[in-house]
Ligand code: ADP
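Okay, here we've got a single chain as structure tokens, the form predicted on its own, with questions on binding and movement later.
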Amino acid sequence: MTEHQLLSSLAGEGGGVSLSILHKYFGFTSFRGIQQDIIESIRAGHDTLGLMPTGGGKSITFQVPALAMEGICVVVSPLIALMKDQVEHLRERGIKATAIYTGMTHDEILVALENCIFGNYKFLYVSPERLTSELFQAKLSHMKVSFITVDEAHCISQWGYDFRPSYTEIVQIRKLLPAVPVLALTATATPAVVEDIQRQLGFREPNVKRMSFLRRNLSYSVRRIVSTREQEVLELLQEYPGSSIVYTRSRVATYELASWLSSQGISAAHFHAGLTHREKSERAAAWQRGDIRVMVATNAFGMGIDKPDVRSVIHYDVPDSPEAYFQEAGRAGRDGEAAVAVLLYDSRSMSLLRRRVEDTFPPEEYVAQVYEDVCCFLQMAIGDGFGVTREFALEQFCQAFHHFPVRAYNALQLLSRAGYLEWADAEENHSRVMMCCQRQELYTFQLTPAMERVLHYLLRTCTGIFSEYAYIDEQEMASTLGMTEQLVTEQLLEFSRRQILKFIPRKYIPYITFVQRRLDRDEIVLPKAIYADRRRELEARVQTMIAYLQTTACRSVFLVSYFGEEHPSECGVCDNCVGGKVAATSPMTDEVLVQRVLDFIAKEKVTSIVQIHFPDVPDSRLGELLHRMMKEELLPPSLT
């Protein structure tokens, strides 16, 4: 049968154009789960929220309809590496796609946007920070946009575990394109977050497509440490062969554990946000190929991971939230074969979890003190500073004013959210070069062969280099020129010493911008929505994780119930199910039920406590719980 005959037969089975595209570009002959429901919804012009577990095939739900519809699909994505990866995968399939991200020159951005206007691309990936750019908005208004996709949509909700203020700008784009539908996708959202996502994105009507979060091939288990963490990890890797991810909270721990595993004969590499782009790419690629068996990583390793044969995910430390744990654990067994997710804990784990609440939301008096100390550190007088930006080294600040770095970091985050200042943590800035001489003068200099090669590269690839700074990537230059990165850098430094060009090497520059004039310490007030409400949310998540450690119920049921799935059946493969310890009564602990009450209040906009009722929870138990929540001030003031 020819490809044309096959596609025709697929279309005749009711799949239509979407099924034909699925097979032609992605090699599949049928959709999985709710993929087709989401595709049909967005093609019909409906705002749509798709809830799919990690590995559920989210990308298919927007890539297929975008190829079937006229115009370009704008994809809002949180990570540059993830955007680049998806663009590369689309291009490998013969699909035209591009991305706009920090580090590109003005000319590069302009060319990409103009090509989108001319219809040369089907996908435009963009970070949420780019949405407010005047250039982007001006060009967007001239594009024929089929629909907008918002990936990792839980980031838009203040009730989500990974809230990012830049995501709230997406609704501004909707105002520019009022007739264009939005597809929001996420793998982690409680009922309250589901409601909030639709509100924040301005859905014209509620429209949620849900896929069961139950993974019957994935066995969840909790293991108490009886020797050392390192030994427990080694034993698990020996017990479960195959590719693995080990998650830790510490960058130092990633290096130490990976080195120790290597010394024990298990190939391992470490990964965290502080590595260079090249190091991240090389290690991720080696792990994807199977050259490295185990990736020991912080949560910086995750988004965009598309390795289906991960046999185990091991958590060296207990995560702060069920959302983070569920997403990370879900990277195991995406091929449908048996896999395990193991969470390690010891006697200190629960106290450490509770301490994270205090570290993340330190006392308001402490936050005000950090504000005052920052102003002194940057020599900002009361009444001054509006719009002023200063470089800010957190480590030096903490040493000078005797602050614990974690608490000071979170205090700065709170001050940023409250609108007193903007704090940008250290971000790598690309190197820049600009010529100091006229073009004709270049021929008068005596240059080495290596310098000539570097110079010819700059003149060929950097537009406007004689009148303004141009961004460069030494790694890319070295690869193109067949030189080492160190040799390229040495030539650039020599050009700078001889005043032929100005060379500004890349470096990490954290900075603070004062959004308003400096205030007196007593004037610093953290709004309830920024501090009290979000602290309460974190406390509830931490309590849920503690309950997960202690539960004797089916762990899959515990997790999917948290995400609002009603009446799930037991998995039969987790440690509790296999061990025969599943409770005969309701698997919901008080901590889980507290979260369920809070979600219900937010979703149903409850105005009276008598409106709270669950058919599967006895009235006596619910009444006792509500009474305790009132005493502990866990309920909104309007209900108490």
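Since the model is a prediction, treat every value here as computed from it, not as a measurement. The first residue of the shown sequence is 1; numbering continues from there.
Quick note: we don't show the form predicted in complex with the ligand, though the next part is all about it.
Here is the short version: of Gln35, Asn576, Gln595, Ser41, the single residue with a heavy atom within 4.5 Å of the ligand in the predicted complex is Gln35.
Among Asp306, Glu395, Asp291, Glu239, the residue placing a heavy atom within 4.5 Å of the ligand in the predicted complex is Asp306. Shown alone here, Ser30 lies within 4.5 Å of the ligand in the predicted complex, counting heavy atoms only. Taking the partner from elsewhere, Leu49 is found to have every heavy atom lying beyond 4.5 Å of the ligand in the predicted complex.
Contact annotation for Leu67: none of its heavy atoms lies within 4.5 Å of the ligand in the predicted complex. Although the partner is absent here, Cys571 is not a contact residue: none of its heavy atoms lies within 4.5 angstroms of the ligand in the predicted complex. Contacts to the ligand in the predicted complex (heavy atom within 4.5 Å) from stretch 44-77: Pro53, Thr54, Gly55, Gly56, Gly57, Lys58, Ser59, Ile60.
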